[in-house]
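Before any questions on binding or motion, here is one chain by itself as structure tokens, the form predicted alone.
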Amino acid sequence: MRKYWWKILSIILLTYTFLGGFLFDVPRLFILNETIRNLYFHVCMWFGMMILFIVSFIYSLKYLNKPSIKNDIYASNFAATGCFLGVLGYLTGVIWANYTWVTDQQQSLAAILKEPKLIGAAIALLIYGAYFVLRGSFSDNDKKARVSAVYNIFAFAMLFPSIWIIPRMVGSLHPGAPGSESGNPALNYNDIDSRLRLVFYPAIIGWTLVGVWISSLRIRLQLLREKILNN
């Protein structure tokens, strides 16, 4: 039980997130209204993604400092799960935007996909996608691990300008961005009240723990394969 407590906690927190997300009362904010419930999914998934990418980045640094196939396996699998949460966060963001950013439904998809915030997010995910294409192009495991570690550091560094910096410097419909005329910044202290915090923070922990759980399963499987191949 001592080894599995965090897995049980992740199930409890995500169950609470889904129940709270759909059933608990939420503030009726201008334009967002009931769609603010997506805060527990879209935003929290992206928090989980960032945490997993940070872990992957650390293991890449560890590999460059002390080359070990184990560090490479950890780095690649945490990056893979981070991308999975990133794609889910992107899709839930597109769905959310479709109901809050654009009123002309005939032009909604085209307008949403042109948004700097979503373009930056897509670029970040494509950069990480290239990380896995790069890994697949090497047959030598040592060379693959070394080059992948360097590229992973580059991919992590590109997260910040593509997601957090550049989109905030240009006009956008995204809440809180310059030129935004609709919605509200979800993390603004005046917007996220105690009702949202009751679910928001547990949701971040829940999505992150599930990401770690998925990563750990993938890591165990890959380490087992390496052990079989080496014996």
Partner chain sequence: MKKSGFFLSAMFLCIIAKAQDKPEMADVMRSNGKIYVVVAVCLLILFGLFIYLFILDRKISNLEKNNNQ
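Source: prediction; values computed, not measured. Numbering follows the first chain given and starts at 1.
Unshown form predicted in complex with the partner chain; subsequent notes refer to it.
In summary, the region of this chain contacting the partner chain in the model of the complex, judged by heavy atoms within 4.5 Å and restricted to 33 to 41, 158 to 166, 57 to 65, 196 to 204, corresponds to 33 to 41. The partner chain is not shown here, and in the model of the complex it never comes within 4.5 Å of any heavy atom of K70. Looking at L52, you'd find every heavy atom of it more than 4.5 angstroms from the partner chain in the model of the complex.
Although the partner is absent here, L29 sits close enough that one of its heavy atoms falls within 4.5 Å of the partner chain in the model of the complex. Here the marked residues L91, Y99 and L126 all miss the partner chain in the model of the complex; none has a heavy atom within 4.5 angstroms. Residues of 204 to 231 lying near the partner chain in the model of the complex, listed in sequence order, are V210, W213, I214, L217, R220, L221, L224, K227, I228, the criterion being any heavy atom within 4.5 Å.
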